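Here we start with a single chain on its own, the form predicted alone, put down as C-alpha cells.
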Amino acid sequence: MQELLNHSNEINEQLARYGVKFGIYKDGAFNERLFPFDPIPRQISQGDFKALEAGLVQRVRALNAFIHDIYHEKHIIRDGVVPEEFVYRSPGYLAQCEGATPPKLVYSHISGIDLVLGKDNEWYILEDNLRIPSGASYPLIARTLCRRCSPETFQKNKVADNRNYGMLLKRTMDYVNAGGINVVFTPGRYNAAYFEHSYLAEQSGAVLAESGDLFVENRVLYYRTDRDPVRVGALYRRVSDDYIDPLFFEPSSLIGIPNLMDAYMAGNVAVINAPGNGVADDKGIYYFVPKMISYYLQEEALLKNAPTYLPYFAADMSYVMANLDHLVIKDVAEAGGYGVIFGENLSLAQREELKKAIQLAPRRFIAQEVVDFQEMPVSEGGSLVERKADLRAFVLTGEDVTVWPSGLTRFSRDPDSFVVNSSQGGGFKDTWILCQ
C-alpha cells in the first residue's frame, strides 16, 4: 500500500479537481466540502465476499417481497408477523402508493446496505437504505484515480475490477424500462450528492435532467429536447418521495415533476427506486427483516442484525429502561447519523428525560446494543491511526440480484466516535474484493 500512500496528496488533489464533494445543509445554510479520501483500502477476501454476497442477495429479495406485499395483499400484517402500527405509522409508508405495481415487480432497484465487521469477525447489518442510497460514485472514481496515479499497485494486487458499476446500473434500468430513454433525475447543482448524479449518468449512458427538462403528457413522461420531446422509460430519481410530484405529495415542491405519479401508476415509466420504499427501511421495520426472510423465502437469515429492542413491546421496553446506559437509541425518523444517542454519554438527568420520551412515543425509537466493530488504519498527518469504519454495499436488482464487487467504506475522523456518516464529517476509502 506504500505506493498509494506516496500518492495520497496527488489523489486527493485530483478528487478536488473532479469536484468530488459532499454538501451538507446545517442551520439553514448549504455548505459544500471535499469528501476526504484515505488511500489505504479495506480488503475483503474472495471467500468472505461470497458469504456477504449470499446474505445481501437474500436480504434484498425479502425486502422487495415485503414492499410489494405491504402495498397489495398485506399478508405479513394479517398473519401477525409485523404489527400494522409499524407499517402505517412509518414515515416512509405512502398511502398514495397503495396498489401501485412497478415494472417487473422491482421496487428497490439499488439498495445500499450498511454493515460493520465486529471484533468477533461477524458482519452485522446496521440499516437498509432503499430510497435513494448514495455513495457508489466515490469508490468508483477513487479507484480510477488510484489506478492512474499508481498502476503498479494494481499490477501487484489481484483485485476485482469495480469499473462495471455503470454497466450494472444501465442493465438495471434497461430491464425495467417501460419504453424510452434512461434518465438520471437530479434536483440540481445544490444537492448534496450532485457530483454523483452527473457522474453516474455519464457512466451509465443516461441523460442527466432536472425537473424543468421533464414533463408528463397523457400519463407518459417526456424529456424536452431542441426538437421533439423524447419518451422516458426509466427514471433514476435522486429526489426524495416528498418532492417528486407536487400534485401527489408536497405541493410546494419546485423540484418535482407534476403528474409523474400518474405516469408511474399507469406503468408507463419505471421510477428507480420506487416511491414508497421507505416503509421497508424504517429503523423500526429493520427489527423484522430476519422474520421477513423466514416468512417470504422460508430461509434463515444469513447475515445478522445488530441486537435490537423495540420499546413498542413491553419486554423490550423493560430492558431498555433498565439498560439505557449501555445502549444506542435511534430516532426512526432521522438519517445521516442524526438522532443517534449513546446512553453512556448522557448525564443521569438526560437519561431520565430520554426514558420519558421513549415511554411517551415507543414507536418513535429503537434501541441497540453497541456493536464493538473493528477499526481500520487511516493515514493522518503522516502517521497511521485506527478509526471506526463501516461498509455500504450496493445491491442492484434487475433480471438478477447482483452485489457490486466493491463498496463504500466510510470512517470516522474522530478517534472517539462510532458515527462514520459523511454528513457527520467522516471520510471514505475504496473497498477491494481480493481475487485470490
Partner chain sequence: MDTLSVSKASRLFWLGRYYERVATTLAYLWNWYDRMIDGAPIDYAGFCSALDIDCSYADAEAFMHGYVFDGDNPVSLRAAADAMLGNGMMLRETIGSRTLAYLELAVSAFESGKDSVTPTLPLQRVIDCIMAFRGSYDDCINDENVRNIIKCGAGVERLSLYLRLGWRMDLVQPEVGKLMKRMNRTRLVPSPDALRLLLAVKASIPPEEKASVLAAVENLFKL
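Residue numbers count along the first chain shown, from 1. Since we're looking at a predicted model, the values are computed, not measured.
The following text describes the form predicted in complex with its partner chain, which does not appear among the structures shown.
Considering its partner chain in the model of the complex, the lone stretch of 280-288, 94-102, 222-230, 350-358 in range is 222-230 [heavy atom distance within 4.5 Å]. In terms of contact with its partner chain in the model of the complex, the residue from Ile181, Leu145, Ile341, Leu115 that brings a heavy atom within 4.5 Å is Ile181. Note on contacts: among Asn157, Ser198, Asn323, Asn164, the single residue with a heavy atom within 4.5 Å of its partner chain in the model of the complex is Ser198. In the model of the complex, Tyr194 approaches its partner chain with a heavy atom inside 4.5 Å.
Proximity of Glu202 to its partner chain in the model of the complex falls within the 4.5 Å heavy atom cutoff. Proximity of Asp213 to its partner chain in the model of the complex falls within the 4.5 Å heavy atom cutoff. Contact between Ala266 and its partner chain in the model of the complex is not found at the 4.5 Å heavy atom cutoff. In the model of the complex, no residue of 104-125 lies within 4.5 Å of its partner chain by any heavy atom.
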